[in-house]
Every structure is written in C-alpha cells, then in structure tokens.
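Next comes just one chain, in structure tokens: the form predicted on its own.
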C-alpha cells in the first residue's frame, strides 16, 4: 500500500486543534458583525458548472486559464471546484430569483473551502478557505465605503490592528476603454522585456500586466500610465466621495494606482487589505464593485459590490496562545468498577449543565486513571470511591495548582454543579 494515501493531497491540509479554533473564532466574529450590517448567510455548492466561472471571472485570467480544478462528471458535463465565492453566489441569486423576491439591497455572506491549482506556499494552499460578503442592489460611493468599513471592522475585531487599506478606481466602461488604449501603447514599447505571461496578457487582457508578480514586469509597471488620468468626471466624483466617506469612518487608506485585482468582473472601486508591519506581504483580503456581473450570468442588470478575506492568511496572524483550550476539563473517575455506574451518572449530570467533562473509567487502578486524565489536560478530577458512594460525596483533586492546593477536598454531591461553575 502506497504511503502517499496517508498524507493530504499536495497543497491541502487538515484543519484541527488551534487552527480550527482560530477558524471558528473568525467565522463566529464575522457572523455577529455581518448581522449588524444587515447580512444573512448563504452556502453554495463546492462545485459549479464550469461556465459559471468562465463567464464571470474571465477566460483570460490566471484563475480560469491555469488554476481551476475542472473535470468531466459521469454525465460528461464540465464542472469545476469553486476557485472563489462571488460567482457561485451570483449564480445562486439568479437561480433562486432572489433579486425579485427580496427587498434590495440584498446582502449575503458566505464562508468555506475554495480550490486553486497554484504553487503551495506559506499562507497559500490549493484548498483554502474564504470568508466573503456580497451586497446587491445599491450603487453608491457610501455603499462602497461601508463595505470597506465592514472588512476593516472584522479584522480589528479579531485582533488585527495594523491593517492598511489600499484603494483604486477602475472607472466605468468608457474610462477603462480609454485607459486600455494607453497601456497597450505603453507596454507594446516594452513587449520584448515583458515576462511570457505578460506578453500573452498584452494581447488578451492588458490590465492583468499591472498585477504581475514578475519583478521585471513590476519595474516596467512603475512608469505605466495611471488609470486616474483617464477617469471621466463622474468616475472622479464617485471615487472622491468614497475616499471622503472612509475618512468620516476614521479609516486610513492609500490610493494605489497599480491596484487592479485579479478578476475581470470589477469596475469602479476596488480595494485590498494588507498588513502594514511587513509580516505578511500579500493581501489578506480585498474586493470591489462589479456592476455588470449579475447580468453577465443571466440575471437582472443590478449593481453589486463585495469582498473576501483569506482565512489561512488571517489565521497565521492570530496569537496562538489565545486559542489554546481555555476552559477547564473535568474528569470523572471511578476508583473501581464497583463505582462505575455511580460515576457515570455524575458524568451525565455535569454534561447536562454544559460543563466540559471526560469519563475516565479505563485503567487498572486509580493511579493509571489519574495519569490518563492528566494526559487529557484535565484540571479538576472528581473521584468516586466506596466512601463517596456511601456518603453521597465527591473527592476533588486539582491538577494544575500548587502541591498544597492539590490536596484532596470533599464536597456534597448535590453541590457539585454550583461548585464547578463558580470556582
């Protein structure tokens, strides 16, 4: 039998222990904040018809052309493991006729695994988790700023206080068309020096060159025309209002003229969230406005804006110590098999009062059972022997305190729940 079946697929990992505690903490925190902002939760399938992503993300993007997990099912249909969340949510809105059946704006949040066949590295996996938000039906610079404020509040609420917001505007279709002409003309001069990927992008999707990770491409991009010089008056006014509203919210930002994001469906305001202390170079979250996306997937022509946060990247930044098991663990231990039924009734009572407990009844003697409880990180032992059964009492031993405090103490069995909850 091959040893490889006992290891995860390359670029994927098991989520457990402290990492799972971090994941759950972020999700629980985000749901509370999202409810405050008027969001409800949606869960879409992990697989979608491939065309959902081809139409929305764009055939010329790296995600669609290189990174998607696409395969034929038994019905010979092309399906894809979702590489991001927005397209699936838009498809769900269209499929379920949500725009017609709900008052706008329609606000939905999601979380769960995504899949991209990319080079695994720290904080980037082939199966990764995203937390995302989509707001449909309200085109306004205030809406854009509120979404950025929501993203910022989630990060600060989980303990990330050194996040920097980077924003830019891609303008409307007419502004982008004028800008595309300018950058095609500029990059054509340097075509021989561009990376192979960027040479392809120059023909198919020139904006993507600005998002290149190639160092030489980055240097060429520094002198490229800025989209801010090609925005029409309405676009400029819209973006200025976004910036002014962020200032009213007390959110500091940096205008990044090279910021374009990685997907085709964006227009107007786009943004990314990066750690400003240099601990993590890539963005841990980002998004923007996508006014034509719903129509592109067969739905009504309704505006939208959204963003997503990379969970693995965010989890890396959280303090490990905060997510150690904090609540104490009670172990109920019968001294011998004679007391096992009596001890089990005590164990059930403790569980029914929402107190975390273990029933340690395996072991040849009391010392072995105490050793097992210790390995389970138990902090309090409730020992039931012949005398305890006779007198309806419990002997308590503390495991994590001084020798003096660890001396056995006996209490009335009827008082155990109150004792555990308030001591």
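Numbering follows the first chain given and starts at 1. None of these values were measured; they are calculated from a predicted model.
Here the subject shifts to the form predicted in complex with ligand AMP, a form of this protein not shown in this document.
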ask   = With the cut-off set at 4.5 Å between non-hydrogen atoms, does residue 128 touch ligand AMP in the predicted bound form?
value = yes
Does residue 176 make contact with ligand AMP in the predicted bound form, using a 4.5 Å heavy atom cut-off?
no
Contact label in the predicted bound form: residue 118 to ligand AMP, heavy atom within 4.5 Å | yes
Check residue 81 for me: does it contact ligand AMP in the predicted bound form (non-hydrogen atoms, 4.5 angstroms)?
no
Which of 144-152, 196-204, 308-316, 248-256 lies within 4.5 Å of ligand AMP in the predicted bound form, heavy atoms considered? The stretch 308-316
Exactly one of 171, 286, 88, 334 comes within 4.5 Å of ligand AMP in the predicted bound form through a heavy atom, and that residue is 286
Checking 124, 185, 218, 348 against ligand AMP in the predicted bound form, the residue with a non-hydrogen atom inside 4.5 angstroms turns out to be 124
